[in-house]
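Before any questions on how it binds or moves, here is one chain, the form predicted on its own, in structure tokens.
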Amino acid sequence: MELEYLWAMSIKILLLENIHPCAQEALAEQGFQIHVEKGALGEDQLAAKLADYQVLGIRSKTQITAKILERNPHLHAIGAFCIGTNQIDLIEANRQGIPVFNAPYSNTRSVAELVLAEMVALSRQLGDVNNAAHRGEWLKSAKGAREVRGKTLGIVGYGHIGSQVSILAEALGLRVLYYDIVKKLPLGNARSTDSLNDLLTQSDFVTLHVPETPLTRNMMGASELQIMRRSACLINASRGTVVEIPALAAAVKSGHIGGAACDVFPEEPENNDQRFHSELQGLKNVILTPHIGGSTEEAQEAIGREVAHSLGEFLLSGLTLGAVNFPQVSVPPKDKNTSRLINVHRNVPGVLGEINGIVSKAGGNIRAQYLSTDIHMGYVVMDTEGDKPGQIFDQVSRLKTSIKTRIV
């Protein structure tokens, strides 16, 4: 049995929140021990449970706090089986030498399709007439129902999802504007605007596709909503903190906003058994969905495969490409005749010299060495020849600068 497989068998991975089974299958095939739980866990419960695991896989509900990470410095990696990583304390994870891998592209199409569907639904007031029909009411009327063709869609955030929405919207005959703080090349006939306000004043629909940052928190408040065209509609499938919910509810009640669709909220239930509450409930032409933008079978399978692949590559070879909080290193497969030393250390002068000196004194020969750093840490992957890999590991791991050391 290969040494790498034997090492993998000692690694226990905890997967939470109904991560797609393909992730479990892919990781198990590589020899890792997998334990699955359906829901999210609270801070204290998760901090205690992780004592028995070296790798954690989560989706968007589980909050990985500094307290959890400080109590579990033995973690090798965290997999975020979703796009966002704001639920994880990335700074503390970096300090502990724990890379975080996500799937930034896998649910792009699913979210984009939901946005287009909600735009059409809002334009035809489908939510209201559907509810009325279920109550036995027959509300056949053209009043307030409009085609989306020929209207203007404003996209805030022109990244992977925003640009995909742009392409689909043009196919429906919409004029597309977008605003992004980073200069982005337009696709198709889309046109950028100089400011958010400029976009808001011109758009019949506004869709938000921005990350959660201090700059985006409450970026759509009362003043921004008031700038929007009367009867325009707002769609938020990005992050719940981006929109001031009380201000949006007031804008809908007053009739200034023609409708809204929200898939994300500032506070969301931790699981399907908890009740959901929002000031937007019961309002006319408001569509509320339970954070399902990326919840399609296709997207969840793609996410499962992508993150499982990243975790496997890191654990078995040391590759860190795609980690959101870690120095990026691309390495080839390990030669069977070498030992691979992987070391995370504080980024201070002289560390590499100390490590190389340890290898030299142990009679080892360095076949290949890969190093990358960020402001806080260095990450080195070193392939060596010799018969004392255990001695090298012991001495490198005892260096005052070392955060994590392993051999694969």
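A residue's number is simply how far along the shown sequence it sits, counting from 1. This one's a predicted model, so the numbers in the text were calculated from it and none came from an experiment.
Just so you know, the form predicted together with a small molecule exists too; it's not on screen, but the next bit is about it.
Undergrad: Should the three residues N18, G79 and G304 be counted as contacting the small molecule in the predicted bound form, with contact defined as a heavy atom within 4.5 Å for each?
TA: Per the other structure, none of N18, G79 and G304 touch the small molecule.
Undergrad: If you check V286, I88, I235, I161 against the small molecule in the predicted bound form, which one has a heavy atom within 4.5 Å?
TA: Only one listed residue qualifies here, and that residue is I161.
Undergrad: Can you pick out, from G97, G154, G157, G258, the residue that has a heavy atom within 4.5 Å of the small molecule in the predicted bound form?
TA: Residue within 4.5 Å of the partner: G157.
Undergrad: 105 to 113, 318 to 326, 226 to 234, 331 to 339: which one contacts the small molecule in the predicted bound form at 4.5 Å, heavy atom to heavy atom?
TA: It is 105 to 113 that comes within 4.5 Å of the partner.
Undergrad: If we define contact as a non-hydrogen atom of the residue within 4.5 angstroms of the partner, is M219 a contact of the small molecule in the predicted bound form?
TA: Flag for M219 set to yes.
Undergrad: Closest heavy atom of F101 to the small molecule in the predicted bound form, within 4.5 Å or not?
TA: F101: no contact with the small molecule in the predicted bound form.
Undergrad: Taking any heavy atom pair closer than or equal to 4.5 Å as contact, tell me whether R239 reaches the small molecule in the predicted bound form.
TA: R239 belongs to the contact set for the small molecule.
Undergrad: Give a yes or no for D128: in the predicted bound form, does one of its heavy atoms lie within 4.5 Å of a heavy atom belonging to the small molecule?
TA: D128: no contact with the small molecule in the predicted bound form.
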